[in-house]
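One chain comes next, on its own, written out as structure tokens in the form predicted alone.
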């Protein structure tokens, strides 16, 4: 079974964000695999261990992402493809992924992805890609069971758990809790150095979305009112509310 995994490179959650001319500075930034995509990689590897086949990672972004994707290869993925592009919006990213997959791996069985990325929280790429490839899509999945050409997906519903049955090929976006991503062993880390990270050059559609960032306005600091004297505290609170024109 051939399983493709969509992987996004994101800033480490412990990185301090610095803006330069309304753009996030990448100086001294550490990159990681989007945590939700790690769940997808782990689930793909479990499917390969059960049914055989291969796991191939696909990412759109900078060429240097090969160092980040080595983590996925060390977990057990077989190879990785980077579509070199600086596009940001989900529509363009989905178009690039569709073109690359149709060109290089159009005989896949499943595509797995994290349901959302921790940086922009758009959660659009898996769904858009399913439309471009014209295949079923199941979102926010917490359990996957592959039996032949049928995939049973357990997903979060409104106050319930839903069971969705789809036929491969399909795209499944996974949620936290589906598994616990493995830590690569030293042996697997060394083996990952010999696995291929392919750089794919595609002509990206015109990215019409201009992306800029701003920090939110600094809010006034809060005031803690001494509550040892309730009557006095209530008077101070009323005065402050009047000053703020809330009362």
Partner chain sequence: MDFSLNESQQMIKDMVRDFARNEVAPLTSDLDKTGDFPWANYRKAAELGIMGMSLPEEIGGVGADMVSYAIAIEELAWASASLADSCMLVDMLVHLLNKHGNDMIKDKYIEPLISGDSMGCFAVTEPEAGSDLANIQTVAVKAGSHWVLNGSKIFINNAPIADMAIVFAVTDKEKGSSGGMTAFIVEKDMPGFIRGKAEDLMGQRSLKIGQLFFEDVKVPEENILGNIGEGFKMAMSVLDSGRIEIAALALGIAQAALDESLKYSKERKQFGRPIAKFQATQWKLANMATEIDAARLLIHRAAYLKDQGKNYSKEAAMAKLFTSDIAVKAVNEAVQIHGGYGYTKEYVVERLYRDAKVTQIYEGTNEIQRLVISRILLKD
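Since we're looking at a predicted model, the values are computed, not measured. Positions refer to the first chain, counted from 1. C-alpha atoms forming the largest set that superposes within 1.5 Å between two forms make up the rigid core.
Omitted from view is the form predicted together with its partner chain, to which the following refers.
Against its partner chain in the model of the complex, the set 85, 104 and 202 makes no contact: no member has a heavy atom within 4.5 Å. In the model of the complex, none of the heavy atoms of residue 51 sits within 4.5 Å of a heavy atom of its partner chain. Looking at residue 185, you'd find a heavy atom of it within 4.5 angstroms of its partner chain in the model of the complex.
Proximity of residue 96 to its partner chain in the model of the complex falls outside the 4.5 Å heavy atom cutoff. Interface residue remark: residue 30 is counted as part of the site for its partner chain in the model of the complex, having a heavy atom within 4.5 Å. Contact residues in stretch 39-74 (any heavy atom within 4.5 Å of its partner chain, taken in the model of the complex) are 66, 67, 70, 71, 74.
Core-superposed comparison between the shown form and the other one: CA of residue 221 displaced by 2 Å or more.
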